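Only one chain comes next, encoded as structure tokens, the form predicted alone.
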């Protein structure tokens, strides 16, 4: 990294932000989170969105009919972590109620611990360890209706952002956007702009075109490809009861996860390393079913007597590649690159969606902005510094964790061993210590669940003495004594791939 950015200033009396006008680019989860957080602070918000409005009367119908070209991930598996659920519970209880009324489920993670875990007893704070289970289209449809019902939020559809409107200076100040509608361009004025346009954000180009310094960017491939298929339980069928096979596991050559959702639906995601190009066959529905049925935990869910596939019949398996971990900094050692522009969510911190943090990070980032605006009003430099400092504290640790996990997964897939004794010791600690302790030690398991739900950073969760000592003790017991806590063995890779290879060509 370059030199550290300036420290965020302490709050000083400033002109109130109430009554200001914000343009928010993108009406996905982060854009909606920004509109919600800003509008409740008395700010007038205009949302800009390219995709058409969902022409559906129910959240369930949105899954079948809502076209979201700007967010190809909407029909992949999603999990909405405790950090997001708790934010809705505490700040927007009516919105949480509407989500539950639409079918979203509150899934209490401590109700279904690993069956090998003993001694897990209730503790203060356990009510925070609850995730929301529903399809992404359901969550977005409900939040969109809720946000657009607010009197100070409007939606401008069909507009494409061309660039920023700025006042020139050593640090340009953003005064609005230049947009294109129906083949013609015009300017929209605003007090400030929020870029919530996601992974495809054009903010770096906008800054360069405006004469600002380019943002620092760090990009690293995640090294995996996703394959997702949705299912619905048949009438009278119930979800399988938990057993010794976990709902998610990493067997190196194949990763899987099961996602219970709304309206008696669920999804299965299979992920494969780019080191195994033969796994591209998972894009075929018949191959997907072969692999799913080879995984005992998944096979019980996709049993044709229990469930049936749903979704686009022309694309029954949704594939998603090109996944990266990327960080873009809009504050450097000299301060903000521009003032009056705030880049949130995946547009700034983009991580491997395997870890399910994207939507939660978007809401956290939006709250950081809204809180900074409350504190500093129209002191745009102070707001930018505080948002940057908050993101480094509350979001960036998960970016680093995603990088580390993806690098380790790629190393394993490629058959490389860690370099140096420190790397080997760290690998052994997490594989033979933490990885086993989460299945047998309640203290380590609870720390893992809190970290996974973004209630603690990885550094906070795994640097506590109690967690370090317990995980270290488990590691030192050795593999023989810990064998009883090991994951069930994976299916035979060669046999599974042979079955896929035997499928008739298309």
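Please read all numbers here as calculations on a predicted model, not as lab measurements. Positions refer to the first chain, counted from 1.
Keep in mind that the form predicted in complex with a small molecule is not shown, yet the notes after this line are about it.
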property: Proximity of residue 138 to the small molecule in the predicted complex, heavy atoms at 4.5 Å; result: no
property: Residue 50, heavy atom within 4.5 angstroms of the small molecule in the predicted complex; result: yes
property: Partner proximity in the predicted complex: residue 204 to the small molecule, non-hydrogen atom cutoff 4.5 Å; result: no
property: 4.5 angstroms heavy atom contact with the small molecule in the predicted complex for residue 281; result: no
property: Segment assignment from 232 to 240, 115 to 123, 387 to 395, 345 to 353: heavy atom within 4.5 Å of the small molecule in the predicted complex; result: 345 to 353
property: Interface residue in the predicted complex among 223, 172, 198, 103, criterion: non-hydrogen atom within 4.5 angstroms of the small molecule; result: 198
property: Answer option from 92, 76, 255, 329, heavy atom within 4.5 Å of the small molecule in the predicted complex; result: 76
property: Residues 30, 68 and 320 all lining the small molecule in the predicted complex, heavy atom within 4.5 Å; result: yes
